[in-house]
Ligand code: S3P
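Listed next as C-alpha coordinates is one chain, alone, in the form predicted on its own.
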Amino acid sequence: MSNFLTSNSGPLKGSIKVPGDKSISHRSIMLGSIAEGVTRVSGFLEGGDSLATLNAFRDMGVQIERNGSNVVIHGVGMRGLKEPKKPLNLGNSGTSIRLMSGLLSAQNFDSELCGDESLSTRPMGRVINPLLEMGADIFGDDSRPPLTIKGGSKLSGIEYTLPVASAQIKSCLLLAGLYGEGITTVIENEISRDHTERMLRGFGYDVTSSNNRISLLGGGSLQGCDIEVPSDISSAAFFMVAGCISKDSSITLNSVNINPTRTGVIDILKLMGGNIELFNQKLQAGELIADIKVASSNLKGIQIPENLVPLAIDEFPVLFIAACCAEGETVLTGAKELRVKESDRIQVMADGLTSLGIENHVLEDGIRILGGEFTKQASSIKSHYDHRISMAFAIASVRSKFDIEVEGVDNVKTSFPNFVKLANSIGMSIKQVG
(Lines give C-alpha, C1' and ligand atoms only; values in the text may rest on other atoms or scores of the structure.)
Protein backbone atom coordinates (compact mmCIF):
# COMPACT_ATOMS: atom_id res chain seq x y z
CA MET A 1 0.00 0.00 0.00
CA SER A 2 1.32 3.46 -0.88
CA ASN A 3 0.34 6.87 0.48
CA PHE A 4 0.38 10.46 -0.69
CA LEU A 5 2.37 12.93 1.42
CA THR A 6 1.29 16.44 0.45
CA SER A 7 2.38 19.91 1.51
CA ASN A 8 1.08 23.41 0.96
CA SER A 9 2.26 24.95 -2.29
CA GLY A 10 2.71 28.40 -3.76
CA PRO A 11 0.89 29.72 -6.84
CA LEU A 12 0.10 27.15 -9.52
CA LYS A 13 1.32 28.00 -13.02
CA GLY A 14 1.67 26.19 -16.31
CA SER A 15 0.03 24.38 -19.19
CA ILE A 16 -0.61 20.62 -18.97
CA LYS A 17 -2.41 17.83 -20.79
CA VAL A 18 -4.13 15.22 -18.64
CA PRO A 19 -4.43 11.60 -19.86
CA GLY A 20 -7.00 10.31 -22.32
CA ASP A 21 -10.68 9.96 -21.52
CA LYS A 22 -11.31 6.70 -19.67
CA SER A 23 -14.90 6.30 -20.90
CA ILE A 24 -13.85 6.63 -24.52
CA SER A 25 -10.81 4.39 -24.04
CA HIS A 26 -13.01 1.57 -22.70
CA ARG A 27 -15.49 1.85 -25.53
CA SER A 28 -12.84 2.04 -28.24
CA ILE A 29 -11.55 -1.40 -27.22
CA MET A 30 -15.01 -2.96 -26.93
CA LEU A 31 -16.41 -1.66 -30.20
CA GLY A 32 -13.12 -2.00 -32.09
CA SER A 33 -12.96 -5.67 -31.07
CA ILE A 34 -16.39 -6.56 -32.48
CA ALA A 35 -16.00 -4.40 -35.57
CA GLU A 36 -14.90 -5.62 -38.98
CA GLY A 37 -11.45 -4.44 -40.00
CA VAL A 38 -8.83 -2.45 -38.11
CA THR A 39 -9.43 0.27 -35.54
CA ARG A 40 -6.56 2.59 -34.64
CA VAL A 41 -6.72 4.47 -31.35
CA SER A 42 -4.42 7.32 -30.30
CA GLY A 43 -4.41 8.92 -26.87
CA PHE A 44 -5.60 5.70 -25.18
CA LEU A 45 -5.55 5.95 -21.38
CA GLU A 46 -2.74 3.78 -20.01
CA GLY A 47 -4.53 3.30 -16.68
CA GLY A 48 -5.40 0.09 -14.89
CA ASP A 49 -9.13 0.23 -15.67
CA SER A 50 -8.84 0.63 -19.43
CA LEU A 51 -5.96 -1.84 -19.60
CA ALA A 52 -8.20 -4.37 -17.84
CA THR A 53 -10.70 -3.98 -20.69
CA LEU A 54 -7.93 -4.35 -23.27
CA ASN A 55 -6.59 -7.52 -21.66
CA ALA A 56 -10.07 -9.02 -21.36
CA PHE A 57 -10.61 -8.77 -25.10
CA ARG A 58 -7.16 -10.20 -25.76
CA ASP A 59 -8.28 -13.13 -23.59
CA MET A 60 -11.22 -13.53 -25.97
CA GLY A 61 -8.98 -13.91 -29.00
CA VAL A 62 -8.75 -10.33 -30.26
CA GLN A 63 -5.35 -9.27 -31.58
CA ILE A 64 -4.55 -5.92 -29.99
CA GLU A 65 -1.20 -4.17 -30.40
CA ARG A 66 -0.24 -1.37 -28.00
CA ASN A 67 2.67 1.04 -28.17
CA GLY A 68 2.14 3.38 -25.24
CA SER A 69 -1.08 5.29 -25.84
CA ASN A 70 -1.34 4.10 -29.46
CA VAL A 71 -3.45 0.98 -29.92
CA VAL A 72 -4.29 -1.07 -33.00
CA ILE A 73 -7.28 -3.43 -32.75
CA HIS A 74 -7.84 -6.15 -35.34
CA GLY A 75 -11.60 -6.54 -35.12
CA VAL A 76 -13.12 -10.03 -35.22
CA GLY A 77 -16.67 -9.01 -36.15
CA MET A 78 -19.88 -9.37 -34.18
CA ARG A 79 -19.56 -13.13 -33.74
CA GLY A 80 -15.80 -13.54 -33.68
CA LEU A 81 -15.05 -13.43 -29.95
CA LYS A 82 -13.79 -16.70 -28.46
CA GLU A 83 -14.50 -18.29 -25.10
CA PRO A 84 -11.92 -17.14 -22.53
CA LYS A 85 -9.91 -19.87 -20.83
CA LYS A 86 -10.26 -18.21 -17.41
CA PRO A 87 -12.49 -15.67 -15.63
CA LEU A 88 -12.11 -12.17 -17.02
CA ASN A 89 -10.57 -10.08 -14.23
CA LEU A 90 -11.64 -6.45 -14.62
CA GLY A 91 -9.83 -5.13 -11.58
CA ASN A 92 -11.52 -2.03 -10.20
CA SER A 93 -13.47 -1.11 -13.32
CA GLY A 94 -17.22 -0.78 -12.89
CA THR A 95 -17.53 0.48 -16.46
CA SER A 96 -15.87 -2.66 -17.83
CA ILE A 97 -18.00 -5.14 -15.92
CA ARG A 98 -21.33 -3.41 -16.58
CA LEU A 99 -20.78 -2.77 -20.30
CA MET A 100 -19.28 -6.18 -20.93
CA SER A 101 -22.20 -7.84 -19.15
CA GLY A 102 -24.41 -6.68 -22.01
CA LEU A 103 -21.96 -7.59 -24.74
CA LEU A 104 -21.17 -11.07 -23.37
CA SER A 105 -24.80 -11.94 -22.63
CA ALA A 106 -25.24 -12.24 -26.40
CA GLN A 107 -22.28 -14.52 -27.12
CA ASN A 108 -22.40 -18.27 -27.80
CA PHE A 109 -19.92 -19.11 -25.03
CA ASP A 110 -19.95 -19.02 -21.24
CA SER A 111 -18.00 -16.35 -19.38
CA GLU A 112 -17.31 -15.14 -15.87
CA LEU A 113 -16.59 -11.53 -14.93
CA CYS A 114 -14.75 -10.75 -11.70
CA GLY A 115 -12.69 -7.98 -10.14
CA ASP A 116 -10.92 -6.75 -7.07
CA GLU A 117 -12.31 -6.51 -3.54
CA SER A 118 -13.87 -3.12 -4.17
CA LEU A 119 -15.56 -4.11 -7.43
CA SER A 120 -16.92 -7.25 -5.77
CA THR A 121 -19.04 -5.10 -3.44
CA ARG A 122 -20.70 -3.02 -6.16
CA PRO A 123 -24.37 -3.62 -7.10
CA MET A 124 -24.98 -5.27 -10.47
CA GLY A 125 -28.73 -5.84 -10.20
CA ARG A 126 -29.25 -2.65 -12.17
CA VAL A 127 -27.80 -4.37 -15.27
CA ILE A 128 -28.72 -7.97 -14.41
CA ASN A 129 -32.47 -7.31 -14.21
CA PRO A 130 -32.97 -5.67 -17.63
CA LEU A 131 -30.61 -8.20 -19.25
CA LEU A 132 -32.76 -11.02 -17.85
CA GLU A 133 -35.75 -9.23 -19.36
CA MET A 134 -33.97 -9.33 -22.73
CA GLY A 135 -33.47 -13.10 -22.38
CA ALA A 136 -29.93 -13.25 -21.00
CA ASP A 137 -28.77 -15.94 -18.59
CA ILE A 138 -26.67 -13.98 -16.08
CA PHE A 139 -26.21 -14.47 -12.36
CA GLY A 140 -24.30 -12.96 -9.44
CA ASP A 141 -24.59 -13.93 -5.78
CA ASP A 142 -26.63 -11.13 -4.18
CA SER A 143 -26.38 -9.46 -7.61
CA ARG A 144 -22.70 -8.71 -7.08
CA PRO A 145 -19.53 -9.89 -8.84
CA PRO A 146 -18.34 -12.36 -9.83
CA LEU A 147 -20.98 -12.57 -12.57
CA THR A 148 -21.61 -15.83 -14.40
CA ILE A 149 -22.99 -15.58 -17.95
CA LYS A 150 -24.25 -18.60 -19.86
CA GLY A 151 -23.81 -18.41 -23.60
CA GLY A 152 -26.27 -19.23 -26.33
CA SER A 153 -29.14 -17.02 -25.17
CA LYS A 154 -31.32 -15.43 -27.82
CA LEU A 155 -31.85 -11.82 -26.87
CA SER A 156 -34.85 -9.66 -27.75
CA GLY A 157 -34.98 -5.90 -27.86
CA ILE A 158 -36.86 -4.20 -25.02
CA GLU A 159 -38.02 -0.72 -24.06
CA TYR A 160 -36.49 0.14 -20.71
CA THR A 161 -36.74 3.24 -18.55
CA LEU A 162 -33.60 3.85 -16.49
CA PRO A 163 -34.34 3.96 -12.74
CA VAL A 164 -31.32 6.26 -12.26
CA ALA A 165 -29.27 8.37 -14.65
CA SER A 166 -26.55 5.92 -15.64
CA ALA A 167 -24.49 5.77 -18.81
CA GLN A 168 -23.25 2.34 -17.70
CA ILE A 169 -26.72 0.79 -17.61
CA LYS A 170 -27.71 2.52 -20.85
CA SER A 171 -24.55 1.37 -22.61
CA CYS A 172 -24.89 -2.19 -21.31
CA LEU A 173 -28.36 -2.48 -22.82
CA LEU A 174 -27.37 -0.86 -26.12
CA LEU A 175 -24.45 -3.29 -26.49
CA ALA A 176 -26.77 -6.21 -25.78
CA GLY A 177 -29.26 -4.67 -28.20
CA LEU A 178 -26.72 -4.89 -31.03
CA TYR A 179 -27.38 -8.64 -30.93
CA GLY A 180 -31.06 -8.56 -29.98
CA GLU A 181 -34.00 -9.27 -32.23
CA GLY A 182 -35.90 -6.08 -32.92
CA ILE A 183 -35.42 -2.63 -31.45
CA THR A 184 -33.86 -1.84 -28.08
CA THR A 185 -34.91 1.50 -26.60
CA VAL A 186 -33.52 3.08 -23.44
CA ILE A 187 -35.48 5.96 -21.91
CA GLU A 188 -33.68 8.50 -19.73
CA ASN A 189 -35.43 10.74 -17.22
CA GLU A 190 -32.14 12.60 -16.77
CA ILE A 191 -29.30 13.01 -19.24
CA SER A 192 -26.25 10.79 -18.83
CA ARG A 193 -23.01 10.74 -20.81
CA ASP A 194 -23.53 9.71 -24.43
CA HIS A 195 -20.13 8.37 -25.52
CA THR A 196 -21.56 4.98 -26.50
CA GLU A 197 -24.13 6.47 -28.85
CA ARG A 198 -21.57 8.77 -30.43
CA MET A 199 -19.00 6.02 -30.89
CA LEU A 200 -21.50 3.53 -32.32
CA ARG A 201 -22.33 6.10 -34.98
CA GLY A 202 -18.59 6.55 -35.59
CA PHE A 203 -18.39 2.80 -36.28
CA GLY A 204 -21.24 3.15 -38.80
CA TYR A 205 -24.10 1.85 -36.63
CA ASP A 206 -27.42 3.70 -36.75
CA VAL A 207 -28.50 4.97 -33.32
CA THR A 208 -31.43 7.37 -32.92
CA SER A 209 -31.77 9.81 -30.00
CA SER A 210 -34.96 11.82 -29.57
CA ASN A 211 -36.78 13.14 -26.49
CA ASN A 212 -34.56 11.16 -24.11
CA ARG A 213 -35.23 7.93 -26.06
CA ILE A 214 -32.15 6.15 -27.43
CA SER A 215 -32.88 3.33 -29.87
CA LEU A 216 -31.12 0.90 -32.16
CA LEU A 217 -32.12 -2.11 -34.26
CA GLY A 218 -30.21 -5.31 -33.62
CA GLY A 219 -28.48 -7.36 -36.28
CA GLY A 220 -26.16 -4.82 -37.89
CA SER A 221 -22.39 -4.63 -38.02
CA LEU A 222 -19.60 -2.23 -37.10
CA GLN A 223 -16.79 -1.02 -39.33
CA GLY A 224 -13.33 -0.28 -37.96
CA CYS A 225 -12.30 3.37 -37.77
CA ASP A 226 -9.69 5.74 -36.32
CA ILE A 227 -10.28 7.20 -32.86
CA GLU A 228 -8.35 10.07 -31.26
CA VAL A 229 -9.08 10.04 -27.53
CA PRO A 230 -9.31 13.54 -25.98
CA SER A 231 -8.20 14.37 -22.43
CA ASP A 232 -10.55 13.19 -19.69
CA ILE A 233 -12.60 15.97 -18.09
CA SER A 234 -12.90 13.86 -14.92
CA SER A 235 -9.11 13.99 -14.58
CA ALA A 236 -8.95 17.65 -15.59
CA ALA A 237 -11.49 18.44 -12.83
CA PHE A 238 -8.85 18.01 -10.12
CA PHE A 239 -6.75 20.78 -11.63
CA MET A 240 -9.77 22.98 -12.34
CA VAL A 241 -10.50 22.98 -8.62
CA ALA A 242 -6.81 23.39 -7.74
CA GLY A 243 -6.60 26.46 -9.99
CA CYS A 244 -9.74 27.97 -8.49
CA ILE A 245 -8.75 27.54 -4.82
CA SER A 246 -5.03 28.35 -5.07
CA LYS A 247 -4.02 32.00 -4.67
CA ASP A 248 -2.40 33.94 -7.54
CA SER A 249 -2.67 30.92 -9.85
CA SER A 250 -3.35 30.43 -13.54
CA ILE A 251 -3.18 27.08 -15.35
CA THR A 252 -4.25 25.83 -18.77
CA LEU A 253 -5.56 22.33 -19.48
CA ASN A 254 -5.14 21.37 -23.12
CA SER A 255 -7.50 19.43 -25.43
CA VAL A 256 -10.08 18.42 -22.82
CA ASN A 257 -13.25 16.56 -23.76
CA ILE A 258 -16.17 18.95 -23.15
CA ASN A 259 -18.94 16.60 -24.27
CA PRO A 260 -22.12 18.40 -23.04
CA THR A 261 -23.12 15.32 -21.02
CA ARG A 262 -19.89 15.63 -19.01
CA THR A 263 -19.51 19.37 -18.29
CA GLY A 264 -21.42 19.55 -15.00
CA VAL A 265 -18.16 20.21 -13.15
CA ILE A 266 -17.54 23.34 -15.23
CA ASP A 267 -21.12 24.55 -14.80
CA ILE A 268 -21.01 24.00 -11.02
CA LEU A 269 -17.67 25.74 -10.57
CA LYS A 270 -18.89 28.70 -12.64
CA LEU A 271 -22.04 28.94 -10.50
CA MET A 272 -19.72 29.10 -7.49
CA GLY A 273 -17.78 31.94 -9.11
CA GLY A 274 -15.01 29.92 -10.71
CA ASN A 275 -12.75 31.84 -13.07
CA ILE A 276 -12.84 29.38 -15.98
CA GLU A 277 -12.50 30.12 -19.69
CA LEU A 278 -12.90 27.72 -22.62
CA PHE A 279 -11.15 28.43 -25.92
CA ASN A 280 -9.93 26.68 -29.10
CA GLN A 281 -13.14 24.62 -29.23
CA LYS A 282 -13.37 22.07 -32.03
CA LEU A 283 -14.92 18.72 -32.95
CA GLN A 284 -12.62 15.69 -32.84
CA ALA A 285 -13.95 12.25 -33.78
CA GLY A 286 -17.48 13.30 -32.91
CA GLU A 287 -16.50 14.74 -29.50
CA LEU A 288 -16.23 18.43 -28.62
CA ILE A 289 -12.86 19.42 -27.12
CA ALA A 290 -11.39 22.67 -25.83
CA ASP A 291 -8.50 24.19 -23.94
CA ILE A 292 -9.53 25.29 -20.44
CA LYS A 293 -7.91 28.19 -18.59
CA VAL A 294 -8.45 28.32 -14.82
CA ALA A 295 -7.43 31.14 -12.49
CA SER A 296 -7.72 31.92 -8.78
CA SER A 297 -11.34 32.53 -7.79
CA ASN A 298 -13.43 33.80 -4.91
CA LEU A 299 -15.81 30.86 -4.64
CA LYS A 300 -19.27 31.11 -3.06
CA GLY A 301 -21.31 28.28 -1.60
CA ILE A 302 -24.38 27.28 -3.62
CA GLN A 303 -27.28 24.87 -3.73
CA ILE A 304 -26.09 22.56 -6.52
CA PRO A 305 -28.87 22.19 -9.12
CA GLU A 306 -30.03 18.57 -9.24
CA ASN A 307 -30.15 18.60 -13.04
CA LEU A 308 -26.34 19.01 -13.01
CA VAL A 309 -25.73 16.06 -10.67
CA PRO A 310 -25.61 13.28 -13.32
CA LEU A 311 -23.39 15.52 -15.48
CA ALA A 312 -20.76 15.70 -12.71
CA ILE A 313 -21.27 12.44 -10.84
CA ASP A 314 -17.59 11.40 -10.94
CA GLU A 315 -16.28 14.85 -10.06
CA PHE A 316 -18.02 15.41 -6.71
CA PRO A 317 -15.13 14.31 -4.48
CA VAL A 318 -13.00 17.20 -5.73
CA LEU A 319 -16.02 19.53 -5.91
CA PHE A 320 -16.40 18.90 -2.17
CA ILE A 321 -12.88 20.34 -1.78
CA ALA A 322 -14.00 23.42 -3.75
CA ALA A 323 -16.97 23.74 -1.37
CA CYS A 324 -14.57 23.68 1.61
CA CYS A 325 -12.79 26.73 0.18
CA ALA A 326 -15.97 28.65 -0.71
CA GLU A 327 -17.64 31.36 1.35
CA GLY A 328 -20.86 30.06 2.91
CA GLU A 329 -22.63 26.73 2.61
CA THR A 330 -22.74 24.36 -0.36
CA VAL A 331 -25.59 21.86 -0.47
CA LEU A 332 -25.71 18.75 -2.64
CA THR A 333 -28.87 16.63 -2.95
CA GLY A 334 -30.05 14.05 -5.49
CA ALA A 335 -26.70 12.27 -5.51
CA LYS A 336 -27.45 8.93 -3.86
CA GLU A 337 -25.52 7.28 -6.70
CA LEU A 338 -22.31 8.46 -4.99
CA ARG A 339 -22.88 5.88 -2.26
CA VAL A 340 -22.32 2.95 -4.65
CA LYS A 341 -19.16 4.04 -6.41
CA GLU A 342 -15.71 2.60 -5.63
CA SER A 343 -16.55 3.66 -2.08
CA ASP A 344 -19.43 5.44 -0.37
CA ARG A 345 -18.06 8.73 -1.63
CA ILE A 346 -20.42 10.86 0.45
CA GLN A 347 -19.46 9.28 3.79
CA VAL A 348 -15.78 8.77 3.01
CA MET A 349 -15.36 12.40 1.94
CA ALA A 350 -17.34 13.60 4.96
CA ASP A 351 -15.09 11.64 7.33
CA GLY A 352 -11.97 13.10 5.72
CA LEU A 353 -13.33 16.66 5.75
CA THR A 354 -14.23 16.35 9.43
CA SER A 355 -10.69 15.24 10.24
CA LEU A 356 -9.44 18.43 8.56
CA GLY A 357 -11.77 20.66 10.57
CA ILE A 358 -14.45 21.28 7.92
CA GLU A 359 -18.01 21.41 9.25
CA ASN A 360 -20.35 19.17 7.24
CA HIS A 361 -23.58 17.24 7.56
CA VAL A 362 -24.25 14.04 5.65
CA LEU A 363 -27.64 13.65 3.96
CA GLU A 364 -29.13 10.43 2.60
CA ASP A 365 -28.60 11.63 -0.96
CA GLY A 366 -25.92 14.29 -0.52
CA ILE A 367 -24.09 16.55 1.89
CA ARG A 368 -24.00 20.06 3.34
CA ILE A 369 -20.53 21.62 3.56
CA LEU A 370 -19.77 24.89 5.35
CA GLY A 371 -16.84 26.58 3.70
CA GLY A 372 -13.95 27.79 5.81
CA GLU A 373 -10.39 26.71 6.44
CA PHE A 374 -8.68 23.39 6.99
CA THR A 375 -8.07 23.98 10.69
CA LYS A 376 -6.94 20.55 11.84
CA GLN A 377 -4.00 18.32 11.04
CA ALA A 378 -5.27 14.80 10.52
CA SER A 379 -2.95 11.92 11.38
CA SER A 380 -3.91 10.53 7.98
CA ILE A 381 -6.94 10.32 5.72
CA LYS A 382 -8.29 6.96 4.59
CA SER A 383 -9.11 6.87 0.89
CA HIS A 384 -10.79 3.44 1.14
CA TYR A 385 -8.68 2.69 -1.96
CA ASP A 386 -10.86 5.01 -4.07
CA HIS A 387 -8.75 6.84 -6.65
CA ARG A 388 -10.95 9.94 -6.77
CA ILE A 389 -10.96 10.27 -2.98
CA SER A 390 -7.15 10.02 -2.97
CA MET A 391 -6.70 12.73 -5.58
CA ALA A 392 -9.35 15.01 -4.07
CA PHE A 393 -7.58 15.18 -0.70
CA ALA A 394 -4.25 15.71 -2.48
CA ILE A 395 -5.80 18.80 -4.09
CA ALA A 396 -6.88 20.05 -0.64
CA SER A 397 -3.20 20.51 0.19
CA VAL A 398 -2.98 23.70 -1.89
CA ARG A 399 -5.12 25.43 0.77
CA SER A 400 -4.12 23.53 3.90
CA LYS A 401 -1.62 24.99 6.37
CA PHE A 402 -0.79 21.45 7.42
CA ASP A 403 0.69 18.52 5.55
CA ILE A 404 -1.93 15.97 4.49
CA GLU A 405 -1.25 12.24 4.28
CA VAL A 406 -3.68 10.11 2.25
CA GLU A 407 -3.63 6.35 2.80
CA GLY A 408 -4.11 3.72 0.10
CA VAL A 409 -3.55 5.59 -3.17
CA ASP A 410 -2.47 2.69 -5.40
CA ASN A 411 -5.74 2.77 -7.35
CA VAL A 412 -4.92 6.25 -8.70
CA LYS A 413 -3.11 4.39 -11.46
CA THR A 414 -6.46 3.00 -12.66
CA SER A 415 -7.47 6.37 -14.09
CA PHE A 416 -4.61 8.85 -13.78
CA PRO A 417 -1.18 7.14 -13.73
CA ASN A 418 0.85 10.39 -14.01
CA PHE A 419 -1.21 12.45 -11.54
CA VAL A 420 1.68 13.17 -9.16
CA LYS A 421 4.07 14.16 -11.95
CA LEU A 422 1.59 16.58 -13.54
CA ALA A 423 0.54 18.05 -10.19
CA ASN A 424 4.12 18.77 -9.22
CA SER A 425 4.89 20.22 -12.66
CA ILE A 426 2.48 23.13 -12.01
CA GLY A 427 3.78 23.79 -8.51
CA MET A 428 2.06 21.35 -6.16
CA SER A 429 4.00 19.30 -3.61
CA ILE A 430 3.01 15.62 -3.59
CA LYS A 431 5.12 12.58 -2.84
CA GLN A 432 3.95 8.99 -3.26
CA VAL A 433 5.66 6.70 -0.75
CA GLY A 434 5.47 3.03 0.11
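This structure is a prediction, so every number in the text was calculated from the model and none was measured. From 1 onward, residues are counted along the sequence shown.
The same protein also exists as the form predicted together with the named molecule; that form is not shown, yet it is the one meant from here on.
Relative to the named molecule in the predicted complex, residues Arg40, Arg198 and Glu228 are all farther than 4.5 Å at every heavy atom. Of the candidates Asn89, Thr252, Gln168, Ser355, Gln168 is the one whose heavy atoms come within 4.5 Å of the named molecule in the predicted complex; the others do not. This chain is displayed without the named molecule, yet in the predicted complex the stretch 333-341 from 333-341, 294-302, 253-261, 281-289 comes within 4.5 Å of it by heavy atoms.
Although the partner is absent here, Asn411 sits far enough away that none of its heavy atoms falls within 4.5 Å of the named molecule in the predicted complex. For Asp314, a non-hydrogen atom is located within 4.5 Å of the named molecule in the predicted complex, even though that partner is not displayed. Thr95 belongs to the set of residues with a heavy atom inside 4.5 Å of the named molecule in the predicted complex. Contact annotation for 22-38: residues with any non-hydrogen atom within 4.5 angstroms of the named molecule in the predicted complex are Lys22, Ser23, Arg27, listed in sequence order.
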